[in-house]
Every structure is written in C-alpha cells, then in structure tokens.
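Just the one chain here, the form predicted on its own, laid out as structure tokens.
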C-alpha cells in the first residue's frame, strides 16, 4: 500500500472525534478522510470514500457500531474495522469479533493503544486489550470443557515471532529493533503469550518454543 492508511471515524460525539482525529492525523502513516456521527452515516461514507479502515464507536444513534460493522463486513470485506468504545464488556467484545472487527480498543486508553491498533489492523493482525485476552482464554477453556473444537492456532504470527526471539535469548530492546515495534509492544506480546499459554516465565516460554519447533534444543 502506498501513502497513509485512509480512515473513516464514526462517533456521535464531535469532541471525541476531534480528539481521536488529533491522535491519528499526527501519525505519518494514518489519515482521517471522513467522519460520521452515527452508524448509518458511517456505512454511507464508507461506500462513498472507500477507506482502508473504519473506526466505529458502539453506542451511536440510528445504527450502532456493531450493526454498522456487520453490514460493512458483509458488503466491503476488504475494509478493516476497529471498535472504539468505553465499554469494557465481554458481551460487546465477542459481538465485535462476530461482527468482523479486527480489534477492540477502550476509549480510556485510546491515546496509548489506538495508533498501535490501527497499524495492527492494516497488517491484518488482531488487536485486543489485556482484559479481552482474558475473556478469550476463558471462552477457550469453557469450549474445551464442553468438548467443542478449538482454533488451530493458539497464538498469532506476530506472537510466534516474538516467542522465537525470546527463546533465542534476545532482550526486549533487541526484539523491538528486529521487529520494528516498540519495547512496550514487545512486553505486551510477552504478557499475552504467558497468559494464552498458561506459562510463568522466560524459561517456560523457551521450553514451549522448543516443543513447538521454533528453535533447536
């Protein structure tokens, strides 16, 4: 892709849109090309502007962000979608995933997480805040207890890259430089790996990497 990612921003509060736009437009690889005040307007603008990414608030008039996400996922399958919300709520989180969202970002930490979430979405990687990861694990364990099928991959491709480098003995700073990500992002991936895999420390991560064939014993 050439040029910055083109973003549609939908929230019914103009002040929120202004704040989010300031965060995004200050990044050279991101630009807001359209703003919507409700879900129906978001759908219309997405069709007119053909953005790369739509950021949708959940609680909006006419159509909610989740309803808009379902429609956009169905009619514009190439569009990436992020849900931006004040609701730290498992039900909304799972609904967002079912609606086709690439990520779920809390407004309370948007200044910290939103840019990273946009970049992850543009790489077709999921972005989940830590509480959402916990919810996913709980759902995974519930499904296992009921004997239901599990997803084939327990970790993402990026997490696998981080895991391999950790197991090879690289520091967080070295991993950040190798993968062109921040040290904070490396730390988040490491925490997600420990949580997802039920492990406690670097040694156990290394043993897992050996069993998974990522490094030689």
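Rigid core (definition): largest C-alpha set, two forms, superposition within 1.5 Å. Positions refer to the first chain, counted from 1. Just so you know, these numbers come straight off a predicted model, no measurement behind them.
Note that the form predicted in complex with the DNA isn't included here; everything after this is about it.
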| request: Indicate whether residue 194 is a 4.5 Å heavy atom neighbour of the DNA in the predicted bound form. | output: yes
| message | So in the predicted bound form, is the DNA close enough to residue 184 to count as touching (4.5 Å, heavy atoms)? | response | yes
| Contact test in the predicted bound form: residue 40 vs the DNA, heavy atoms, 4.5 Å | no
| residue 58: touches the DNA in the predicted bound form, heavy atom cutoff 4.5 angstroms | no
| note | With a 4.5 Å heavy atom cut-off to the DNA in the predicted bound form, the contacting stretch among 58-66, 31-39, 176-184, 44-52 is 176-184
| request: For the heavy atom contacts within 4.5 Å of the DNA in the predicted bound form, list the residues of 160-176 involved, in sequence order. | output: 171, 172, 173
| query | Once the two forms are fit on the core, has residue 194 moved its CA by at least 2 Å between this form and the one not shown? | reply | yes
| query | Does the C-alpha of residue 52 move 2 Å or more between this form and the one not shown once the rigid core is lined up? | reply | no
| message | Once the core is superposed between this form and the one not shown, does residue 15 show a C-alpha displacement of at least 2 Å? | response | no
| note | Working note: in the predicted bound form the C-alpha atoms of residue 66 and residue 159, off by 3 Å or more, come closer
| Residue pair residue 80, residue 184 - Cα distance in the predicted bound form, closer or farther (3 Å or more) | farther
